[in-house]
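Okay, so here's just one chain, in structure tokens, the form predicted on its own.
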Amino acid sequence: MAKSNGNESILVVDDSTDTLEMLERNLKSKGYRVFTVQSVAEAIKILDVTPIDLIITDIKMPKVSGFDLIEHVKENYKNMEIVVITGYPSIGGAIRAVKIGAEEYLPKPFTDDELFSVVQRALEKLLMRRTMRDRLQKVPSAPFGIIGKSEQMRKIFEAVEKAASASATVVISGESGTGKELVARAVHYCSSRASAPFLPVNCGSIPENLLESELFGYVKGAFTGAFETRAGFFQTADGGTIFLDEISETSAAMQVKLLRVLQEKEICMVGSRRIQKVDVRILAATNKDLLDLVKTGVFREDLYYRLNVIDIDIPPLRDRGGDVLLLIGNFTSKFAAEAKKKEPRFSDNALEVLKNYNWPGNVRELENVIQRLVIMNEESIIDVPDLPSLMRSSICRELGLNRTLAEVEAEHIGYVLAGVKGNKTQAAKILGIDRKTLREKLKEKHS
């Protein structure tokens, strides 16, 4: 949850002078701006002229009660939290206070730590609500079309600018779903090559025996089925940029050919001996540590250093703080418009769950979740029960009693692979199986 900055304005309402003095002293020690009054009438006067973030009010006061103040605030002011304190605690009073709009209920006497904890929780929820309100408004134009305002993303924007102004090769690293292709497109379209083609190639999805012909093209008769001469991605992208995603999945033989392209700026079509010069900038992406693959002999060291002139490492979504709320707002607007539906609102609890979720699938997973929620939800408010079950608190899930053996096995394999940064050889050794068995289990996991 987002942290309050400690500079918020707090209005304390209590008919006890001693209580007011104690609360004012303690809250000011934490840096809060504090206003104190002894009646609801005085409180309303303050609210009319002074922006207040949080109200701390007693319930039993002469003439007008704290309950009346809560109802007045909820009917006349937005984005203001309320904490109730009382020396006459009761279950009925607590229920009524929360029902009409109080965020927290604190019975007297209370310790300083209890006070600070309640105040901090209320202000954090206020900050989250305000942040989400801003995010749900039309998202301003983002740098390079990439949404993010966190310090981590600011560094990515700076790296994109520097990479776009150069002609060197770039390696874009990061977990799956972090937006590596989006960053690659930003580098291309902000560069002097923007008017030329940008061609993304997923090296992991093209069979090894076809990758060479797809990249470099082939001449008629080069192999069975080659009924005509066909240009490859490098010829098509001439003058522009080619984006080699999952570069770590290429074979040793293909790595040699890519090294030649980088060194000599030339290719040879399959079935031909004629050398062709190409002017193509190469951007590569990987969700694995290439240097680790170099050390294990899986990836060529000379190719690694040829590629890794500029390195852009995209942070996982879980490390991007408030960007989660920004992305939720953007995706909600996007998918509501596509579905021609009114944008739903997320409850505070739902936002807290979404913000604190680990997001192993990163931005791609978040986008899919929000799309599903917008399409499937028929209510105006999306609450915690509407979220995917894996995000909700569940005793069965915590004990692992609602999962099949295959699910448990797949999860363990995932943990091991993450621990060795995707090194299948090392993972297979830890799991006590061979690489072939591991590949088969990974295929089952994604099937």
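Because the structure is a prediction, the values reported are computed rather than measured. Sequential numbering from 1, following the sequence displayed.
The same protein also exists as the form predicted together with a small molecule; that form is not shown, yet it is the one meant from here on.
Trainee: Name the stretch, out of 340-348, 106-114, 175-183, 291-299, where some heavy atom lies within 4.5 Å of the small molecule in the model of the complex.
Mentor: Every other range fails; the passing one is 175-183.
Trainee: Using a 4.5 Å heavy atom cut-off, state whether Gly145 contacts the small molecule in the model of the complex.
Mentor: Gly145 belongs to the contact set for the small molecule.
Trainee: Give a yes/no on whether His188 approaches the small molecule to within 4.5 Å in the model of the complex, heavy atoms considered.
Mentor: His188 lies outside the contact set for the small molecule.
Trainee: Would you classify Lys155 as touching the small molecule in the model of the complex, given a 4.5 Å non-hydrogen atom cut-off?
Mentor: No, Lys155 sits far enough from the small molecule in the model of the complex that none of its heavy atoms falls within 4.5 Å.
Trainee: So in the model of the complex, does Phe331 come within 4.5 Å of the small molecule, heavy atom to heavy atom?
Mentor: It does: once the small molecule is placed as it appears in the model of the complex, Phe331 has a heavy atom within 4.5 Å of it.
Trainee: Only one of Glu367, Asp238, Glu214, Glu352 has a non-hydrogen atom within 4.5 angstroms of the small molecule in the model of the complex; which is it?
Mentor: When the small molecule is considered in the model of the complex, the option within 4.5 Å is Glu367.
Trainee: Between the options Ile242, Leu307, Val363, Leu325, which residue brings a heavy atom to within 4.5 Å of the small molecule in the model of the complex?
Mentor: So the residue touching the small molecule in the model of the complex, by this definition, is Val363.
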